[in-house]
Every structure is written in structure tokens, then in C-alpha cells.
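Single chain ahead, written as C-alpha cells, the form predicted on its own.
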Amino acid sequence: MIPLQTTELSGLVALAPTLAFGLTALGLLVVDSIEPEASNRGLLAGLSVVGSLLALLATGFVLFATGGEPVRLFGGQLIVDGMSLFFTFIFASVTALVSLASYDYLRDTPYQAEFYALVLLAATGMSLMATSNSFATVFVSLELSSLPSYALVAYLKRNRGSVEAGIKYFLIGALSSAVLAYGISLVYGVTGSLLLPEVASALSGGVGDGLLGVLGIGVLMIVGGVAFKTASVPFHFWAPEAYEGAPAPISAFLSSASKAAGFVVAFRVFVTAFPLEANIGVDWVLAFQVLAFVTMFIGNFAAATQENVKRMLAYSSIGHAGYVLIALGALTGAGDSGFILGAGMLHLVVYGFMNTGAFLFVALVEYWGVGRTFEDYNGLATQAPVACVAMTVFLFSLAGLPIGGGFLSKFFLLMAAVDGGVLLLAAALVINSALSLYYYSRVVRAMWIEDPSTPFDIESYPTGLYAAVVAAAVVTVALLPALGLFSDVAFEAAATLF
């Protein structure tokens, strides 16, 4: 048998997952231009799901063909490797689930072709972010991902909360893009290159004392830009507003796929361009340690005080950003860097299913018009036991109980923190996981134990939403024993950066 790892792929084939997203988005717009007044919901949702699954299959093919070996394109501006394909798998999975669930959620809303096209365009930008090997492509792909996201948050244009959330998200996003661009320009001014490996090469020769401060400021501004995209404290305040105002499937999309896109940029930029041994004027590992610690506590304590389930999930997603930041904060050089970074990647893949599933359950409840508070969820299990079992799986897995892959991914993060010698972050992870169990349990108790405050009947069970919720729950549970399959891929992909 010919070893497929030696197969050389052309640039177009290596970028097949990204092209699948982009071409599907264009196809949706073509369909809409042919029959702009028609509202074939099944066709639009089906095209979006098929395009996402094609991207998923293309990801598997490219990974199998290259064995995760890097394929450099456009003079090194893009790089398709194990890490980029790992994250594209997350984007494609979340996009497929969100598209499937949106079939029912958007039943009475106009401009559905534009909705699905924007979702696919955002996924295209995320996929490009994963392959970006230059500050230029990082910025362009970040904007390609962000601009459709702003419109998607404000998609419910007759809903004041949705429009207000979209405007706030856009304004804060524009500010963070400006900060990121200014930081990139400072780094370019000092190193003379935008390519990440060449930035590292320039830094290896040392930087003059007069420029060290400029470089340090630039690096800190890039940290700020990444912190916004990952909804990390203190750049998190847009997240609860945007997630609460957006259509629930979009909340799932942004809190899972968009967050993962921010992290893949952070992993590649800081590990490749700013190696630990280089003197860049600031200690970015220490900066991420502080961000991880503060983000975990503020996100989880804020989540514990919420009465709105959707808002609670928004704050808990901030807490999970803090967990993943451990993967950067533990890169002290004391442990196995590939294992540490791979632990963060594993948590993101599990988080992609369990957090998306939780938000899609909220979409299901909104479809029924039940309400958003904990009290509104009282007695839901008597009407929808299967969906409530799925929600219970998501919440307990998010808390780290051994009912889903969240248990193992948090265990890997704990071991990564210990391996990196950052025991304070390890302790913070344990404390915050215990705290999260409190507020996640409130939802479970409301669904299964409490009686409804006012009697209600659920008259319909939307097929698409139900299928997406159940599929996410099955994968979340399956990842508990199957995470070993992903772990080797993640650790090997992360190790190639060092």
C-alpha cells in the first residue's frame, strides 16, 4: 500500500475545505438571485448542511493525504497543516449543526438565503484564519469572519435586542480590529516582515533597545485583539450582549466556532512569531496566565448570578475561554509544549459540540415560546424528555462530569497546567469547574424536578432542531471514550509548531 502521507497536493486541493465553505455561500446567493421571492427553506438549509459536510469530508481527505505535514501556499502566506485541519473540523461540524437547527428556527423570517450565506462566509473566514501564516492573512481572514458575524447578530431586524446587540458588537469589533492592526504595524515596523516565521527570524538576531518598547507595545496590542475574538476578560463585555440578542443558533455559532478561530490564531501567532527564547520586551506567557486566571473567575462568577439561561451560557463560555487560555499560559518551557497546546485544542473540539448543543437547546425552547429564565424551564422534561436528556448531557459535560468528553478535555488541561508548572491555574480550573456545576445544576433541577409555574403544552417538535440537539449530545457522549483518537492528532499537530 502506498503511504498516503507522501502524497503531494496542489494548492486548490489543500484548500478544498475552505473552498467548500466559500463556494457553498456563493451557491446560496445564486439560488436566491434566481428566485428571490421564493422561500424554499428546505433547499437553503439543505445546501448549507451539505456544503458544511463537504468541507468536513474535504478536511478528512486532506489530513489523510498529507498526514498533517505542512503545505505552504502563496509564498508562505497560508499553511495547511494538522492544526489548521483540526480546527477546520470544528468549524465544519458546528456550521453543519447550526444550519440544520436553523431550518426550524427561521421558519417565519425573511432573507433566509442571506442568513445561510453569511454563516458560510463566516466559516470561510474562520477556515482561512486557521491556515494564516502571516499577519496580513490573519487580519484579512479575521475581517472576513467578523463582518458576516455582525450582520448575523442583528439578523432579527424587527427585534430591538438583536439590532442593539449587532450595533454594539460591530462597534467594539471595529475598535478591536483597529487595535490589532496597530499592533501588527508596530511589529512590522520593528521586524520588517509580516510572515510569522520571518518575524521570528528577525527577532532571533535581537532587537535594539530603542525598539524593544515599541515591539512590546505591539505584542500587547495583538494580545488584546486576540482576547476580543476569544471573549477573554477584560475584552469580554460584548459577548453576553451579542449572545443574548442574536438568534440562538448564531449564539451557538459565535460562542463555539468563532471562539475556536480566535484561539487557533493565538496558538499559531504567538508560538511561531514570538518564540519563548526571543526577547520581545514583554512576557506574553505571563500575560496569558493572568488572562486565564481572571477570565475563569469573572466568567464563572458572573454566570452564577444570572437568572436568564441564555445569558448564563454566555458568561460560562467566557469561563471556558479562560480554561483554554491555560494552554498558552502553561507554555513556560518546563513541560511538553506539544501536549500543553494539544490539551487546549482537545477542549475546543469537545466544547464545540457540547456548547453548541446547549445553545441549540435554548433555540428549541425559544421556538416553543417557553421563555428564557430558569423558572421558565420548570417541568420541561415532562413535555420534552429526549431534549432535556440531551441538555443534561451538555451541562454536566461542560461542568466536567464524566458523562461526556468535557471530563477528559478538562483532565488534559489540568495535566497541562501541572506539566507547565502553573499550579495556580490548575487550582483555578478545579475551583471554577466546581462552581460551574452549581449553576449548570440549576437548569437540570428546573427541567427535571421543579413543577411548571404555569401549565403549558408543547404542540410541535421541530425535526431539524431536535436532530441537531440529539446529534450534538450523541457526539458529546461518544467523545468520552473516543477522545483518544483525537488526542494523538491534536498533540502531533501542536508539536509541529515547536
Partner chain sequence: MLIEVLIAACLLGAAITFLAPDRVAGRLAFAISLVPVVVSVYMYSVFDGTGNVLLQGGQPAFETTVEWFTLGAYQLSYHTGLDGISMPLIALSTILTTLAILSAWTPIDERQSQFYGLMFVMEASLIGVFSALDFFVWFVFWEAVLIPMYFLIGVWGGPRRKYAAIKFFVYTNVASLVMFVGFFTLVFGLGDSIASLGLPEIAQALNRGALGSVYGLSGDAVALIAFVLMFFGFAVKVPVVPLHTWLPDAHVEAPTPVSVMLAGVLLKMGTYAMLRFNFTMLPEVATALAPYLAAIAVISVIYGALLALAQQDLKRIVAYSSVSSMGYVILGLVAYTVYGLGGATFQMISHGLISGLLFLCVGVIYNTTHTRMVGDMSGLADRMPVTVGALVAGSFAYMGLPLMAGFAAEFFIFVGTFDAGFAGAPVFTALAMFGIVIVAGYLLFALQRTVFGGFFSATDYPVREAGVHDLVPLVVLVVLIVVLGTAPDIAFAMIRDAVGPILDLDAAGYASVETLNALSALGGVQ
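For clarity, every value in this text was computed on a predicted model and none was experimentally measured. Numbering follows the first chain given and starts at 1.
The same protein also has a form predicted in complex with the partner chain, omitted here; what follows describes it.
Engineer: Just checking whether F412 would be counted as a contact of the partner chain in the predicted bound form - the rule being heavy atoms within 4.5 angstroms.
Structural biologist: Contact check for F412: yes, within 4.5 Å of the partner chain in the predicted bound form.
Engineer: Is it the case that R445, even though its partner is missing from this view, gets within 4.5 Å of the partner chain in the predicted bound form, heavy atoms only?
Structural biologist: Although the partner chain is absent here, R445 would touch it in the predicted bound form, with heavy atoms inside 4.5 Å.
Engineer: Would you check, heavy atoms only and a 4.5 Å threshold, whether T392 touches the partner chain in the predicted bound form?
Structural biologist: Yes.
Engineer: Using heavy atoms and a 4.5 Å limit, would one call V30 a contact residue for the partner chain in the predicted bound form?
Structural biologist: No, no contact at 4.5 Å.
Engineer: Of these, 225-233, 115-123, 353-361, 423-431, which stretch puts a heavy atom within 4.5 angstroms of the partner chain in the predicted bound form?
Structural biologist: It is 423-431 that comes within 4.5 Å of the partner.
Engineer: Exactly one of L212, L401, V140, V285 has a non-hydrogen atom within 4.5 Å of the partner chain in the predicted bound form; which residue is it?
Structural biologist: The residue from L212, L401, V140, V285 that makes the contact is L401.
Engineer: Of the options A154, V207, A381, V71, which one has a non-hydrogen atom that comes within 4.5 Å of the partner chain in the predicted bound form?
Structural biologist: None of the other options qualify; the answer is A381.
Engineer: Would you confirm whether the three residues E450, L480 and F491 all fall within 4.5 Å of the partner chain in the predicted bound form, going by non-hydrogen atoms?
Structural biologist: Yes: E450, L480 and F491 each sit within 4.5 Å of the partner chain in the predicted bound form.
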